[in-house]
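Shown below, as structure tokens, is a lone chain in the form predicted alone; questions about how it binds or moves come after it.
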């Protein structure tokens, strides 16, 4: 069997599952199994496929047909042009979250102290530190398993750079510490929406996805506590649900923040910027 024939066979299997992007998923999984870049599938389409590697791909396709996300099957996910390791212990980084990194890089002064709350895979913290070596980055997560993934990603991508990872719930590991920028992609999905979500989401850690009070509970806790951890003029950046604009504006303004909301590339409200008054 050639590479081109293998791609077609895997695509047909995924179409029958069905999955949302069968051709793309087939190419990603086969390229991973063969240990090559995806573009080589086209260039080397007439080359025979090693039977052992093809069987490995078949096993991965079966997992995908069962609804497991591609990122968990391959163990990697690109974020901010960097390759992160991911496991079922962490949320899969989304392209929408890159807006948080953009804003953090823009607003952090030279030599700033930045805190990433609920770091998960470490995607935000590592992307910030990789692009701005002058920023002192701190990160926390309540999950010890997630922190292990984040630390591995830090070592792989930026080496022995001192991102200060701490275990604990939100601000608890940083009593008395203040930051120029606080950034977080917290859980903000309403648990009532579980039955309507894509089946792939059921493989991700619920603690990283769902929050009480219609998805608002953790966001509210962060806004309530952030002032005592921000320096004068400091910035709080929060990813949020597309229907939370009014809630964020009200919660932030009640705490005396100047609040603005930025849309993602799809035009939906995505990132809240709360500035502490000097």
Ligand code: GLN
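Numbering follows the first chain given and starts at 1. Everything numeric here is computed off the predicted structure, so don't read it as measured data.
Although it is not shown, the form predicted in complex with the ligand is what the next lines describe.
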query	finding
Candidate from 189, 135, 170, 73 lying within 4.5 Å of the ligand in the predicted complex - any heavy atom	189
Single option in 200, 89, 96, 180 placed near the ligand in the predicted complex, where near means a heavy atom within 4.5 Å	96
Listed range touching the ligand, judged in the predicted complex by heavy atoms within 4.5 Å, from 181-189, 150-158, 122-130, 102-110	181-189
Heavy atom of residue 146 within 4.5 Å of the ligand in the predicted complex	no
The ligand contact in the predicted complex: residue 209, any heavy atom under 4.5 Å	yes
Residue contact check: residue 68 to the ligand in the predicted complex, 4.5 Å heavy atom	no
Any non-hydrogen atom of residue 27 within 4.5 angstroms of the ligand in the predicted complex	no
Stretch 237-253 - residues with a heavy atom within 4.5 Å of the ligand in the predicted complex	239
